[in-house]
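This document starts with one chain, in the form predicted alone, laid out as structure tokens.
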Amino acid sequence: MKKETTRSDELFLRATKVVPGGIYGHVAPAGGLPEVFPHYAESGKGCRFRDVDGKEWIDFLCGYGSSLLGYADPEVDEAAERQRRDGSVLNQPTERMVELAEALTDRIDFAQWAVFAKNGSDVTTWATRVAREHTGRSLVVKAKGAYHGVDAWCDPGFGGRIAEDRAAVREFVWNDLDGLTQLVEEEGEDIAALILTPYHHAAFGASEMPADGFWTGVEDLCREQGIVLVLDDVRAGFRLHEGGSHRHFGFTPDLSCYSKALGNGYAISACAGREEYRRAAREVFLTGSCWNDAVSMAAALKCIEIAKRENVVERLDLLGRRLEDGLQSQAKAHGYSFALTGPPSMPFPWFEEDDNLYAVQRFCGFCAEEGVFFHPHHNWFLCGAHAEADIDEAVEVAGRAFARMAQEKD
């Protein structure tokens, strides 16, 4: 039977004529489930969004993590609107920049300064340059498969890239402290920065938590060799600990990068650093015409205030555990070995012996038919607007999805 053409399909067809690929990057249809996921959203409120065809979804992607409190949080939007009436992007920054820097350096235990941009890539790339300026060295070390942004030294694609773009980048396998130690022994005098996420959340694979002693060993190596330890906390920041993910895992970086949850959907990113890197931070050029956007800074100030007041980190952990328990119980009842890997507040779904990812795609597709947005290839996110009732509703839908999968096998 021919699939009915939706408004979402019609918009995508229009887009292909005026936008390369129609939709590009991580939100491109091919990265998800194009047969069941909508191409375009219309509105969002709390933990739900509505697509352009009027279908409502319980959302477990939360704007790829940018919604910490929930869509259209009234307090955040009110703070943003107050600032919008006074101005957003002016010739100079506003007092909001000073206030936000003060708030972050108060919140993040090692930080004596902070700078702001718009996107995670802006600050991860800038942080590696600060490390080079500070050390006078050239090499950057990262974990294989880790995502740190869209710039040529780290992006996951190949188009437009030349060999020189990665000539000064070295990689090691996550959690392989011996392999990292060997790399440092061989090239440590030339290594400016080691950039890592707080845990390994590569696409298309189960999330990996740090092994016992991994972060202690990493920190010791960096201190011994004068390597700048850069934490890419863009994805996980403020979801695992209100003071940054390093507090959750018990280590101290030199520079740390944030975005996503910082603004609750308003575009903003930040890099916070230790005092000894202040001079290098002044020397490395950092700017953008809209990077002093006072509206996003006002939103960020209110977002981190609410998150602390409402103890959102603990709430997301509890909700994530409820979701995990419910899904595993449903999976087991229908004969599936299923796990949510990574932290409970931002888990990644994984079926045992599903190397071709067919099972997870089938599962997420069946859930999507009933309006539950589980992504098959990206870690999920919970937000402060999720309630136990939302979790339980999603688990019920998942139970029916597991049942359909089991019927297909029979």
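Small disclaimer: the values here were computed from a predicted structure and weren't measured. Numbers for residues come from their place in the sequence shown, where the first is 1.
Omitted from view is the form predicted together with a small molecule, to which the following refers.
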Contact of D232 with the small molecule in the predicted bound form (heavy atom, 4.5 Å): yes
R239 near the small molecule in the predicted bound form, any heavy atom under 4.5 Å? no
Can you tell me whether F251 touches the small molecule? I mean in the predicted bound form, with a 4.5 angstroms heavy atom cut-off. no
Check Q330 for me: does it contact the small molecule in the predicted bound form (non-hydrogen atoms, 4.5 angstroms)? no
Answer range among 288-296, 195-203, 212-220, 92-100 for contact with the small molecule, defined in the predicted bound form as heavy atoms within 4.5 Å: 195-203
By the heavy atom within 4.5 Å rule, which residue out of H246, H148, K302, K142 makes contact with the small molecule in the predicted bound form? H148
Considering non-hydrogen atoms and a 4.5 Å limit, which listed residue (S256, N264, T128, S259) is close to the small molecule in the predicted bound form? S259
